[in-house]
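So this one's two forms of a single chain, laid out as structure tokens and tagged structure 1 and structure 2.
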Structure 1
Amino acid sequence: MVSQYGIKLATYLISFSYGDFCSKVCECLLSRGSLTLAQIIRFTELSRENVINCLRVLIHQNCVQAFSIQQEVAFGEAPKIVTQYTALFDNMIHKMRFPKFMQIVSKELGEDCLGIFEGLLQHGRLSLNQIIDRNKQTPDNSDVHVVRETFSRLLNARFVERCPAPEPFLAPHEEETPAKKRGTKSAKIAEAPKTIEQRALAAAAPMESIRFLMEIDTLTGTSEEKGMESQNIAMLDEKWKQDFSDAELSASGKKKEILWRVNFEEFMRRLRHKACMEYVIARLSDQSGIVLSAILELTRSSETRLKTDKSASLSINDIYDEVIKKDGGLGMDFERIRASLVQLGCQIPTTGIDETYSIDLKNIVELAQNEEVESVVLKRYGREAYRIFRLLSKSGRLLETDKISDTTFVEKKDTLKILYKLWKDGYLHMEKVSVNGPKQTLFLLWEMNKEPLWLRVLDEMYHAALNLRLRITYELDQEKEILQLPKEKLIGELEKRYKRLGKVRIILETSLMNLDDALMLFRDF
């Protein structure tokens, strides 16, 4: 379940882009879980037409996924298939990150890919023909071949992917599905998914083999994959006919063209790598940063999940070859690379036969998370509390009050006060141990209360991000008249106010982008 302020931020973002009805539907789905159309109508008290329109927009914008399941019925009745809708929380929050995604694309592929990419961000899903049409309408339009070429570059970089199946059918019992037919997908399902929503997403995802494949004739093929695709489309026809009237249907995704969308997963992967690199550069050294970036570059395409714990193993030779291509990497020799690997937490193998290395990315992410929480403690509770908290977060186990006081050089009575306060506010977990000697003594043991604390910090960060957004809106609202004035009228006091607004916006917006980095650190990495 998404936390309270996570929902508030998501619905704010949706209402900002697609209006209040859509945001109402999102809120309903986010707080209640997957629902049928009838349920959404009942809970939101919106008209059927409004809800259908909202769902169409939200599906198109990749914020909602539909799936159908067989409903439990009384014995003897024919089984009923119902369509449910589930909200895709992370995709809603990603809206905030579009500038970051665009920056990655323009840095890696150049400005010409940006046009197509921006179109996909804005429209959610587009077919190649639509992309080509859109390009025709731009003033400096390019030839169809160029557009196709540009598009395939986006595809090769995995920045764009095939859209998921509109409405996968979830069999009541997974094990009954013939494993052979599902191929890679069944492997995907076996990996982790537990909830029905996760199963739906896994079932909807296009197979890896065609996910980034442009040239495929979906209408005539007979291969398994194509079979799946048309099966899905047929099913979609059925369902949409039930839920939406024919007129509505013709406007919706009935066209059998392949639809494309932005592959958020790839961007999150890159941002995760970037965060790891930044942490390493700030905390270890530039050289370790270069080595890490070389390793990530080489192993990125083999990562199958976003939250990969450890990078794939690479030989020292491969690492070297990539390192010297990097800025500042030319001067590095094997010895320096090994030294950096040690700093990155690797062990140098004692036998030289198979010298391979893998980086513990999860550990780097955790260290960065710790720092984020620690600095909140510093700000809210002061330096001594910071020292105490850091001790507990570094040790990761229960420590006794006196031990804490001795290690941190904080007076015993102050230590107890601080520990108590942090415990009361949910940062720490406490255990009482009484020892029966000649006298009964009571010891207090303390530990960082990691899991609940992390969730709370995350929720507070969603809250803070929402606050930043609201303050930006408020500041703009305050200076509405000034913003409407022509430039030449902005003199004296007015000019001052205009300039102030500019600065305020920069502060708020950069803070929001930085805060979002921290949000991803806790939620996505």
Structure 2
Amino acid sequence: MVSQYGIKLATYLISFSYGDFCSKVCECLLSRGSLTLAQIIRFTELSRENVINCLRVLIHQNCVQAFSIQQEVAFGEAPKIVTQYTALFDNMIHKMRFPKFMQIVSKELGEDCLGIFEGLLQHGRLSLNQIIDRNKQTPDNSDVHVVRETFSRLLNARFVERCPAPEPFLAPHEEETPAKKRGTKSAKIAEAPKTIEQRALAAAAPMESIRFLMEIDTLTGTSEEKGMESQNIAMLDEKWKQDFSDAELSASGKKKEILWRVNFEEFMRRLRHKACMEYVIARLSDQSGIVLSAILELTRSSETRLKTDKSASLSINDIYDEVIKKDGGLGMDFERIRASLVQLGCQIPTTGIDETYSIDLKNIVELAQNEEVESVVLKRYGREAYRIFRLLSKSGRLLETDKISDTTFVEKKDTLKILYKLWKDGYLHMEKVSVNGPKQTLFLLWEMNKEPLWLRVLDEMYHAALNLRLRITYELDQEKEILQLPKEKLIGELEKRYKRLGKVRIILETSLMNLDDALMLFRDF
């Protein structure tokens, strides 16, 4: 479930890019969950035409996914298939990360790939022919084969992927068999049931074998895959005939070509790796950062999901071969690499046979999250509260008030005040334990209230990010007349105002990007 300010930030980003009607549809879906077309019309109080147009825009911009389910009907009636729409919250928030994505592409593939990539960011989904047509309209348009080669480089780097199925059908859940019910407790915990939205995204995702595959005949329109795409579009059109009128359907336009979009998952994976390396370099050493960078480079292609707990195992020889290719890694020998691996939490094998290592990425992320929250406590409550919170954060268990006071060297009276303040604000969990004896004694036990605290911190970050976006918009609106003037007319007082706006904008946008790094740490990593 998305938090209050998370919804407000997402709807603001949509409103800024696509208007208030699209923003209203997104807010409705984020607040209420998956809905049918009729339900969206009823809850938003928009006209049918406006809702349909908004859904088309949002689907094309990868902010909404449609899917079909079998609706329950009365006994004896024929099954009814209905289309529902679900909002993709993370994709909406990714819109403020486009500059980071473009920086990654520019650094890895060069400036020549930015034109195609920027077009996909702007338009959401494009076919290869549309990309070529768009390139022809630019002043420095390239040859068709050059565009195709550039696009292939984006595909090979996994920065671009095939679009998901337009409207996958979700079969009804099967009843659990007695054999399944007798499964072990651990198996039940591991196989938590997926939500209908998760099932829809999984069903819509293209097969891994064709996800990054560009057929040879794509340009001529004779690809075998085009038949599959046409079939999917035809199924969608047939379904839309039930929901939309013929006039509405003809206005939607039929696309039989393979559509491509930006692969957000790959960019978030690279940003996660970057955050881990920055934390290791800042807290451990530059050499440990080099070793971690080498391991992540070798294992990136084997990661099947974003939040991978541990990297794939690598031999010490493979790690060494990659380390010496890195800047600053040429002078590192096996002993230095092993020492860095120990710093990263690895254990040196007792025998030299099959010396392999794997990095606990989840632990690095959790350490970074803890430090982020500890820094918030330090700024809000002071150094003594920081020492107390840090003790509870590292202990991971209930501690008694006297124990906390003795360990942190804070007076018991002050310790109790600080603990009560942190507990009242939701940072700590408190338990009262009564011990019976000659005299009844009451002990107060404290621990970090991690899960609800993480959600609270995340919501506060959404709130702060929204305020920064609003302030940037306000500053630009205040000086919009100056921004429209040619540079030669910016003299005297106008020049001062223009320079002030530039400085303010840099400060606000830098603060927003730094805040977004923390946002990703808690939401995506």
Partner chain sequence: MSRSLETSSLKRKRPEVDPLGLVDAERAILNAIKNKKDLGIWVRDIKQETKLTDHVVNKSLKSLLARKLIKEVVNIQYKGKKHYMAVEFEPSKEVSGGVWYVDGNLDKELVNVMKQLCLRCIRVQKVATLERVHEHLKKQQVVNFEISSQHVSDILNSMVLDNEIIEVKSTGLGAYYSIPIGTVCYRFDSSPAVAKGSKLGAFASIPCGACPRISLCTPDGVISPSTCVYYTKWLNIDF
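Note that the rigid core is defined as the largest set of C-alphas that superpose within 1.5 Å between two forms. In this text, all values refer to a predicted model and were calculated from it rather than measured experimentally. FYI, numbering is relative to structure 1, first residue = 1.
| task | Only one of these is the form predicted on its own, so let me know which. | result | Note: form predicted on its own is structure 2; the other is not.
| said: Taking the rigid core as the reference frame, tell me whether E45 has a CA displacement of 2 angstroms or more between the two structures. | reply: No, shifts by less than 2 Å.
| Does the distance between the two CA positions of E460 reach 2 Å or more between the two structures, the core being superposed? | No, the C-alpha position differs by under 2 Å between the two structures.
| request: Taking the rigid core as the superposition reference, indicate whether the CA of R497 shifts 2 angstroms or more between the two structures. | output: Yes.
| Cα displacement of K487 between the two structures, once the rigid core is superposed (Å) | Its C-alpha position differs by 3.1 Å.
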